[in-house]
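Okay, here we've got a single chain as structure tokens, the form predicted on its own, with questions on binding and movement later.
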Amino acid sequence: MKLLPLFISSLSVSLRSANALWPVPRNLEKGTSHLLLSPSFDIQVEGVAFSDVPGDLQGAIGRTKTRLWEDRLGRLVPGRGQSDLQASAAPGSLSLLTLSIKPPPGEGKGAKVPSITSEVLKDVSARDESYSLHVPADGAPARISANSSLGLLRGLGTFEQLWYWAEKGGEAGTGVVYMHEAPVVVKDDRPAYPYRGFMLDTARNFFPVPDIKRTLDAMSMVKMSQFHWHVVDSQSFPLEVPEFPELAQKGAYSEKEKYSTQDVQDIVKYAAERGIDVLMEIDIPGHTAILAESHPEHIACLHASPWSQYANEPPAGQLRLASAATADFTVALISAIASRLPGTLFSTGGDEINQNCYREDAQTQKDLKESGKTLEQALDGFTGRVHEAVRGRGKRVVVWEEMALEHQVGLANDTVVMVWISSKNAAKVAKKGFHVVHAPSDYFYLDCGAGEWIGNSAGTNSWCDPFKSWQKAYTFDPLASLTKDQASLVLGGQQLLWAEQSSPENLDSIVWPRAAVSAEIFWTGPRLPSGASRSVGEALPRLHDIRFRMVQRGVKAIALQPLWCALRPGQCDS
């Protein structure tokens, strides 16, 4: 790469210059000076030999150094920053970024630096993601300080977004990396909510490991903390479980469309290195028809017709929850899966249980009669056994809202409830004292708006249409309808992609940059650093910027407006 000794001057004040950070820090001070990135730029951890830095933090440092030179993102102004390259005043040149981590309590200087992964694998409410950042305007060393390696990672993510590339005279490969708003000071930035997630369904259609990793990279760019992996469902069981090899052998779409134990470990490790915990979901007792391919004895109303009377989606089939043998099988299966996952959250689903399926299943009715239990009592016993097994593996249970609102099921006090049917139901869950993760279909479902996918329903809308635009999602208020006392029950939220009409071919474009919206809602909170409320108009130029940066990194995020508009913030407003 050839670097030119160019000088940089400020743009004309007639051009609106957007601070491009996403999510925007909760406090931010910035100047108007330009600063070059030195060809000899380096990142060092204060007081620690690089060989003693944890491997995942070394990896994060290496990625940042590479991205600073390889992003090559031209600033979103007419000319893409070429007008910045005017010889008028000599800017400073940054050659060093120092990372400083506070020693753990009771330990002084020289203490071992903890890994990013060790912080990610703590309980969701116990992780420390805070950091402070200072980039002087004169080229003096920049600094990120944090209490954890995870905090340093978040600071590096902010630092990366400050820099742009400008070429000279259209000569490919010649130019500078620079920032245009030095000095930058971020003091004690930290998330408003610890859970900032994205859910991907890999059962309706299969997504290879590279697609999942690319998604994790994009999630990390916007400081997301949770990957909710809805890995299996009634249509397919792509997850290999060594204790139950027959499930994937007979339940996966093909031999090539499986996740091996090594694949899962690889994804979990890859995610943790990028500040993301993996929350796996095995949805029971509904959404389990695929298990009948190898264990038909455990499934009620298998392929019952018409399916719409027995399930929310084809094919029909649910676990025989009143059967002791089925409960034993389910506990063994969930235990085998949960024991291989290092995170502290695990979801057993629990949504869309079809009672008609059980009413017309002779074996379930026989089991209920012999036990003297009602269906709800049997569900309570079944769920209790499964949840006990999950907690026995050191994990908090996550369920969909029906478990808390529609069934008489005993749930532990630390159960996390995902609210999906309607955003209004969060208040009902909070009233019961459970922690809430917002996943409302009326704001955060990314699959809505493509029309109905049922084969003989041409021209009709799906149940959750219309399309949930980024603007709609951005207006979501996590505390709407909650009392002041209930606010502490909100852990955060996530956007979701159910994959009936999605596959690797459209994954990026349907998810990004829309899914970045919830990342900012739950990191930044309701107000910008200026004290003003977040707004769609202020957010758009910054969302453009993170979208273009994603594209530079190989994520095929969809355009939000014509390029003409993206280069001229505000000029396409009505």
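So that there is no doubt, residue numbering starts at 1 and follows the sequence shown. Remember, it's a predicted structure, so these values are computed and weren't measured experimentally.
Although it is not shown, the form predicted in complex with a further copy of the same chain is what the next lines describe.
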For a further copy of the same chain in the predicted bound form, the stretch among 484-492, 256-264, 241-249, 349-357 with residues bearing a heavy atom within 4.5 Å is 256-264
Is Thr32 close enough to a further copy of the same chain in the predicted bound form to count, meaning some heavy atom within 4.5 Å? no
How about Asp465: is it within 4.5 Å of a further copy of the same chain in the predicted bound form, going by heavy atoms? yes
Asp442: heavy atom within 4.5 Å of a further copy of the same chain in the predicted bound form? no
Taking a further copy of the same chain as it sits in the predicted bound form, is Asn27 near enough to touch it, meaning that at least one heavy atom pair lies within 4.5 angstroms? no
Check each of Val185, Ala336, Ile454, Ala140 and return the one that places a heavy atom within 4.5 angstroms of a further copy of the same chain in the predicted bound form. Ile454
Using a 4.5 Å cut on heavy atoms, which of Gln501, Thr415, Ser115, Ser145 is close to a further copy of the same chain in the predicted bound form? Gln501
Each of Asn205, His303 and Gly449 having a non-hydrogen atom within 4.5 Å of a further copy of the same chain in the predicted bound form: is that the case here? yes
Which of the residues spanning 552-574 lie within 4.5 Å of a further copy of the same chain in the predicted bound form, based on heavy atoms? Lys556, Ala557, Ile558, Ala559, Leu560, Gln561, Pro562, Leu563, Trp564, Cys565, Gln571, Cys572, Asp573, Ser574
